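Let us start with two forms of the same protein chain, each given on its own as structure tokens and named structure 1 and structure 2.
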Structure 1
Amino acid sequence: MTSGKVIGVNGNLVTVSVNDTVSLNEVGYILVNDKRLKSEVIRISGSSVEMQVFEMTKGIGIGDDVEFTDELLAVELGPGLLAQVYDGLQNPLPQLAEKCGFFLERGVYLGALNQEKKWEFTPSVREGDTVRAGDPIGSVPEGIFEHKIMVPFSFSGTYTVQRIAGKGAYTIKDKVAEVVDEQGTAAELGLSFEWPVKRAVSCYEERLKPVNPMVTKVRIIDTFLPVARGGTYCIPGPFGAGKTVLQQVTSRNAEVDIVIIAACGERAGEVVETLKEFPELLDPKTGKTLMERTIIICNTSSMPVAAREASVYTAVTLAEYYRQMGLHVLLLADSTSRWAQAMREMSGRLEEIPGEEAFPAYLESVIAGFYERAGLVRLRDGSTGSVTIGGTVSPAGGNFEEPVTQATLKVVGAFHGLSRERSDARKYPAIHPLESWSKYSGSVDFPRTEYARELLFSGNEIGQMMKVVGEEGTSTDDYIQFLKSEFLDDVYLQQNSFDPVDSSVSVERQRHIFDILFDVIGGTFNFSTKDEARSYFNDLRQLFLDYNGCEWKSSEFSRLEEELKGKIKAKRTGTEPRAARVLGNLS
């Protein structure tokens, strides 16, 4: 095995002189006192190699020994990943805490998967069958899922099953099958295998266009700015605008099989909320706790920067792994800017030629490569699986004209831009309804949502105009149009993430209340004064907000609905011509 000696230290970048071959992204360990510090080769020039150290580098000295492993930075894939809390390098944090206490001691690496636990294996192939990488050879139950045991993704060509274990209980360490390749070389298979994080898994038949919505139960998203299963979206926004809260509610309520949360370079406290609450919260769909469908990758801001860079790859690799079992996986990364900054820090130490705002020139292609790992795929058995990626972006100064936001906008399918103005006015979620966009189709029919969106545009224009000419210079018709758009904003676009009922609204309910909403925004009303109009809409809003707070289909819900409908009927004189056209086309 190749070894080397430290010849330079600059922050978390260590230069090593090596005695033999090394490869890019190979893992090595720097030996400091009695500790082995995990590092990754990130540049090679002759016999001098630069490595990023995944730990604090204090105490490293010139001449310290370095051991190389001949392996790329990889994660372990197998049953038992769900409900785990890992750092960016797949170190299980709760187990680390048991071993080391309050603090993250450096150089301590624990196995990612439980070595002792027995899994009930059921084979699905017979001796003599041929298999390829990614094909299942059996399965074990993992919580609510049937976890497929697959031929390692790194196997190329076809293999013949030589031996397959019978139904029974096995640990990760046990071998359950033996396969031989076309040349007759045999290999033993266990329940788990490794895969290098920076390579996309591609053992599927074909990639499909994402079409079905990934329901978040956030009205403004599902109705107006939808995300598709297998699609990508980003949430840029200044600090405090609500990126994290939005991802937190999505991680709870999203209609997917598995959620992977990558807490990348942001506050530790925010992950703790998820960490402590998910084991207590029941998923209404499965009746099991949310934790059982969740994996948390947690490399928060004060944890080593190089491991932060790795963490998003660790997360997406786990997502791809479960996708290979025909499951729908949602990866939420908060924040991709911290990942980009980790790259920038390394690039600076490597003295690479800096691009805009000192980000490396390859920033765009790296971001594109990451989001490209999302997708809906058809597997060889005909089933489909998907990875949906949603990343927050934390632009410097809240200005979207910066490299990370711009590079991300080029590659994602939906843009949920948060606005400081809206969050200052406590209009949550602060997604800007006019500037944001989505290329996917949503849960409510497009013609009516488009009608509503146009109303927002015209309402906004009238609002701007009113700032110039005043209320007195605005016609009553325009003023009503303005009130309608405000109403739509107040009762539908805004949603209280901390209200037990309002925080998650099913698609069924969204469609139901959108009908009522459409009655209002598509109706004509007769008011003699603006004051009368305003006070009517105030009352209507009040009623609708109370209605939003009621349990779906409860008696209070029905009562308020009747009241609401009565109130609308009392003042509504007909249907707007444009709204009538929209409705006409629909029926």
Structure 2
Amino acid sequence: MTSGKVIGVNGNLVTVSVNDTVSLNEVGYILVNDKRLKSEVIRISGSSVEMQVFEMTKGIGIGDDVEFTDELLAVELGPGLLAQVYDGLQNPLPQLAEKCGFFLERGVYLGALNQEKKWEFTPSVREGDTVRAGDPIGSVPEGIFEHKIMVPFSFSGTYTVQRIAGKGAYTIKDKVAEVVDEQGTAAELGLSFEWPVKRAVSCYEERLKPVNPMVTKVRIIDTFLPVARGGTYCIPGPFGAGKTVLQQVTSRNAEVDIVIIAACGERAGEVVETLKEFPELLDPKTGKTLMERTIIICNTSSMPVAAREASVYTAVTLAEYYRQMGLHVLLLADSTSRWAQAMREMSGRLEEIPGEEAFPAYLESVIAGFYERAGLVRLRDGSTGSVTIGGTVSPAGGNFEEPVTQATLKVVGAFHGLSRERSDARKYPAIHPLESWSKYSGSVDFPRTEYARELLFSGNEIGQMMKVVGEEGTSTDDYIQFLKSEFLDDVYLQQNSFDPVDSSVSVERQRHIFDILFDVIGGTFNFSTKDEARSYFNDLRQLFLDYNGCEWKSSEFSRLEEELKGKIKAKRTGTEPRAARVLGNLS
């Protein structure tokens, strides 16, 4: 086994002189007193290597021993991952707290999975069957899912099943199968195995283009700025603009099987809020807590910077693992800016040539590599699984022109930019409808949503003009156009995340509401004065907000709908020409 000696320490970067060969991303342990500090090789220069340390480096001195493991930084994959809270190195934090108390000790590493718990294994192959990496050999129940026990992803070629255990209870340490490769080499399989976090899982048959929307039940997203299942999106925004609430609403209501939260360097207060809120959030799918189908990777900004990078890759590897079972996974990374700042810090210590704002020159390729691990795939059994990645970005001062935001925008399929102006005006979700965009297809037909977006643009222009010339300097037609855009914003784009009905709106209801809404924004109205127009739209707005808060298809819902239609019909004189063309094309 390769060993070495510490010859330099620069913060979390330690230089080691080695006596044999090592590999990039290999794990090593620096021995300090009675502690073993986990580290990863990030650069090799002849007989010396640079290692990033995942712990505080206080006490490391020149001449300290280093042991290399000949293994890459990896995670343990198997049943028991759901409902867990891990750190970036996949240490279960509740068990770590039991062992160490409130202040976690460095150099303490625990197994990611329960070694003693027995799982009810049901085989799905027989002796003599042929399998490959990623193929299931059986399953165990894990919560509401059938957790597939698979051939380890590291196996290459085809294998013949020599022995398979019968149905029964086994721990993850027990061997449930024996397979033989084409050269006659035998290997025993258990319920779990390890996989390097920086190597994408590719044991599927085909990678498909994400087409179907991932329904979030947030109107502005599903209708105007959709996210495809298996796609990517980012949520940049200033502090306090509502990223955390939007993340929780999406986690609870998104039509996915599993949610993985990667808190990669957020402030401790926000991470604690996530840890406290998620076990209490009710899952609309099961009626139980959302935590039962959630994994949280917890890494605060006060932890060593190297651990932020590990947390991102740990999370996406777990997501790919469950995708291989034919499940749909949503990965929320909060916030990738902290991860990028950690890369900048390590790059500076490596004395690399800096890029824009001192971020490493390879920032774009690293961010792209992370988002490329999302995707919709078809497995060998014909089923499909997906990983959808949503990353929040926290640009300093809310400046979307900074390098992390720009690098992210080049690779994602949807951009949900949060606005300080809208959050200050208490317009939530604070996604700016004019600056944001999506390349995916939504739940409501595109021509009508495009018509509505154009109305928002024209209404904004009229609003800006009115700040200069005043309401009296605006024509009645322009003023009505402005009132329509404000009405659309108030009753459709804004949504009350704390209202039991309005917080999650099904696609069926969104389409139904949008039909009524289109009668307003696409209609022509005859008002004698601006005061009359303002009064009419204010009354209509309040009626529509009451309508939004009613249970779907309840008697009150039907009553308010009839009242709404009657009020619209009373003043509507026809259809705007462009709206008529849109409706004509749709029919």
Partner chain sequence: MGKIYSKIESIAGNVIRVRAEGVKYGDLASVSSAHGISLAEVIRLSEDMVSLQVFNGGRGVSTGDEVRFLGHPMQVSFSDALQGRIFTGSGKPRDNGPELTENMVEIGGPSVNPAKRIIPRNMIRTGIPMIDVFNSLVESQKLPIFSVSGEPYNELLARIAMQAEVDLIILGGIGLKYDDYLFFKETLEEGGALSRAIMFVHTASDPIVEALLVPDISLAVAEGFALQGKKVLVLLTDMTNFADAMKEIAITMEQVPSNRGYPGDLYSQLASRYEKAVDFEGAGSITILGVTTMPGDDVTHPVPDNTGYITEGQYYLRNGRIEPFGSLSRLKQMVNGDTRSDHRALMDGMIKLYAAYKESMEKKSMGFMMSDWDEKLLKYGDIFEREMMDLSVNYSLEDALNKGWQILAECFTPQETGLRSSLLKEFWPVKEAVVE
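Under this definition, the rigid core comprises the largest set of C-alpha atoms superposing within 1.5 Å between the forms. Numbering runs along the sequence of structure 1, starting at 1. All values reported here derive from a predicted model rather than from experimental measurement.
Between the two copies of this chain, it is structure 2 that is the form predicted alone. Superposition of the core reveals a Cα shift of less than 2 Å for residue 67 between structure 1 and structure 2. Shown in the overlay between structure 1 and structure 2, fitted on the rigid core, is a CA shift at residue 187 smaller than 2 Å.
With the core held fixed, residue 48 shows a CA shift below 2 Å between structure 1 and structure 2. The two forms, fitted on their core, place the C-alpha of residue 501 2.9 Å apart, compared between structure 1 and structure 2.
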